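What follows is one chain in structure tokens, specifically the form predicted alone.
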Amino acid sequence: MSDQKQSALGLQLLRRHLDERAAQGKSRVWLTDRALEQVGTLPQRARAAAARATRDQHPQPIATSDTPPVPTGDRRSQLDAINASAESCQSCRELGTLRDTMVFAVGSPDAELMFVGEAPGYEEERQREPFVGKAGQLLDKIITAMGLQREDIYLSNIVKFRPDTGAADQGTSDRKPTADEMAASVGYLRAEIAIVKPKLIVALGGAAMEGLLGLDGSVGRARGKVYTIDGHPAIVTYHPAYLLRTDSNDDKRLLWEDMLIALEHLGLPISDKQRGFFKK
């Protein structure tokens, strides 16, 4: 139950109790100092919870160092120009914490659905394409189960360079990008969004949720809601890499519920088989 609902329920139960006492002819109730303190803060807690709910529905994106202007031309040429701009991202390279190989986006410039991850990993850096490792292969299966094809989706990341672990030989080791790395990079993603104009953006995982929507907390708490980023609807769900680590059917079911929300938002048909996934 949310903080807002808990506070509202607390006030409701208190009022009910006082009404019952009044109906019994009682004009006083005895409260401990602790209970009196809690009662006194209920209205403030309810207002604070309502403010948090409003803030979560209208999040503020993370501040950016570079937000390149959207060039003229068709969508493909516009994206090519943003690609070239991201390749020479000065603020990204000045950090000294990102590797040298830039991995841009892939997919249709006319896509209605955009998936956003956090940063390229080992395989993505090697192939210079996002979502081609094990997590990307799982995402491909999810896209296929939705009745779509990878080529119809736009796939991108908050950070366009693989984060450096600092090891002499990094190998296949990866790490989550920092807030500074996301701030230096996310302007390019926002330019991509402005060009593609997707009907829905899916933020995959906590880093994408933080970097794109400026949301703190867990993915579990953030999912199930529709947010807005630069005028475009967005939802949050688990990153496929997280599902590979946990191998939890409960988490897989929750992600699939989010994909059904995506299909409904896009106005695409949902079969009985799709609705029946993970049903016991």
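All residue numbers refer to positions in the sequence shown, first residue = 1. All values reported here derive from a predicted model rather than from experimental measurement.
Although it is not shown, the form predicted together with uracil (URA) is what the next lines describe.
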Q.
Between uracil (URA) and 131, 157 and 239, in the predicted bound form, does every residue show a non-hydrogen atom at 4.5 Å or closer?
A. yes
**Q.** Contact assignment for uracil (URA) in the predicted bound form, among 124, 192, 210, 181, heavy atom within 4.5 Å
**A.** 124
Q) Applying a 4.5 Å heavy atom distance criterion, does residue 201 contact uracil (URA) in the predicted bound form? A) no
Q: Indicate whether residue 119 is a 4.5 Å heavy atom neighbour of uracil (URA) in the predicted bound form.
A: yes
**Q.** in the predicted bound form, segment of 110 to 118, 89 to 97, 68 to 76, 165 to 173 with a heavy atom within 4.5 Å of uracil (URA)
**A.** 110 to 118
